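Only one chain is included here, represented as structure tokens and corresponding to the form predicted alone.
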Amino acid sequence: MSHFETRQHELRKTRLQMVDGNLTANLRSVQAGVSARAYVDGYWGFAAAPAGGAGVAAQVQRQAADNARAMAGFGPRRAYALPGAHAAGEQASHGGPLLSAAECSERMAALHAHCMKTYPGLRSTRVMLTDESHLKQLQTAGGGRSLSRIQRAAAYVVLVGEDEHGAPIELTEIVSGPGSLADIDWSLAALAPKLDVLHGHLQAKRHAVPARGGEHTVVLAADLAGMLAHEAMGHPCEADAVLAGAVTAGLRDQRVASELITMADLAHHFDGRELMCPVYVDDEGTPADDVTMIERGVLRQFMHSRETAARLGLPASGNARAYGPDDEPLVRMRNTAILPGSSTQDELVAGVDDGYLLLDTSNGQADSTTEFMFGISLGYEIKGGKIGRAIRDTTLSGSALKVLQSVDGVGREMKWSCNGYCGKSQPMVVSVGGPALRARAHLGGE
């Protein structure tokens, strides 16, 4: 048996929602379990069970080994020597005591009251809070013994109005960060200036015009650049996707983007600060390293588990992650970003004669060919280097490779967020980041 790991995993989650001052959801959950994974004769066996008595760990260990041996009945398979060190250590906890449901509800009600008083004409407000905490204790047969944590929280405030034709329109302000709801600043004092800006955008959307369909010069604000990095280029650089035939498989050490583009999946720190989703050791017990997927336009590295690293003859990077106590580790991103350049967003806009400024997105999807489509929920025309009218909700699409090759300006201000999930057989807590970009991409029309 060349690899064996046992994980004890506790997942705590909170979700509260208030609609027009009425608390409609107050959910708190705890899930705890023990899992084990064995690598035998080239096959993996996995087993999991709810946390219980002292015998649970031994039971799932036996079951994982039995499952691996059963898989071997499908026929001989090459057994790789799995690379990577076995980490030991304990990750420190973030923050202090949790906020009670009553404290959260009181703050949410104050936000609702402020919005309805300050912004006449609103049809509705929604305030949603989420936080979750993952505590993982991992042991490996190679001597690894680690305790790792993921703690993140987010607050969402949605303003709902109507356009000049009476149709509903809405925009969302999001605050997210590491720790619990007690550790991020979603106070009224902190959010009020941001909500003023959001309401200004909502008013502009009342008179929005349709975007012209077709390829245009666009300035992607940081939120969209982060999604582009994650969805359109991050997934094709996960080594299991590479082995499955992603377009990136044959492009290593080739130019795939403008030389202004450097893109990385960062383990736990950037620019001297801990990131929003710090991973010091992954769920196989591998110490986590940064992965530079694109370096000045050239495709360099992929994200790896122990097995994908062995199959491609490369180092393990610490990207094997499992979301829940009964989930098996998969190759997953951590903190994925395009790294900053030298321009301000205003300078990028000033360089556009006829195009669009795209500020926010409602969703996004991409495939292994790097083809993507994002919903655009907030954008403006650019005419003669000046921001013009708001545009109606539309889509942004294209090939990430072609879009990144067209980049002729990269912003210098980084923005990080960790409010969403990445989907790939199981959800995953990730963060995305980036500066603004100027590129060519396709917008949907009416």
Partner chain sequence: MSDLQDSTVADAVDYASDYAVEQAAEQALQALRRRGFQHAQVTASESRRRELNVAHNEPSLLRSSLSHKLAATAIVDGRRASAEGSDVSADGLAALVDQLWDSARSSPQDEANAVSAGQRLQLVQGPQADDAQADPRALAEALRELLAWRSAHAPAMMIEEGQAAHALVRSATRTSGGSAIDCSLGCCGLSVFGLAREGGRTSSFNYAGGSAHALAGAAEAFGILRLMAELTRQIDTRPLGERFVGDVVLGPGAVDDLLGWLMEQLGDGPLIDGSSLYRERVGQVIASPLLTLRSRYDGPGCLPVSADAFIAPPATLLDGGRLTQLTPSLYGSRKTGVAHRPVAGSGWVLQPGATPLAAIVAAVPRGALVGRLSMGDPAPNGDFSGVIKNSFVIRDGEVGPALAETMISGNVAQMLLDVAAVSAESIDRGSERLPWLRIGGLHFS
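Here the structure is a predicted model, which is why all the values come from computation and not from measurement. Numbering follows the first chain given and starts at 1.
Heads up, the form predicted in complex with its partner chain isn't pictured, but that's what we're talking about next.
Its partner chain is not drawn, but in the predicted complex it has a heavy atom within 4.5 Å of residue 367. Although the partner is absent here, residue 200 sits far enough away that none of its heavy atoms falls within 4.5 Å of its partner chain in the predicted complex. Contact between residue 443 and its partner chain in the predicted complex is found at the 4.5 Å heavy atom cutoff.
At a distance threshold of 4.5 angstroms between non-hydrogen atoms, residue 126 is in contact with its partner chain in the predicted complex. Using a 4.5 Å cut-off to its partner chain in the predicted complex, not one of 142, 217 and 385 places a heavy atom inside that distance. Contact annotation: its partner chain lies within 4.5 Å of heavy atoms from the stretch 160-168 in the predicted complex, the single such stretch among 160-168, 272-280, 340-348, 185-193. Residue 73 is the only one of 313, 120, 73, 97 with a heavy atom lying within 4.5 Å of its partner chain in the predicted complex. Residues 49, 50, 59, 60, 63 are the members of 49-63 with a non-hydrogen atom no more than 4.5 angstroms from its partner chain in the predicted complex.
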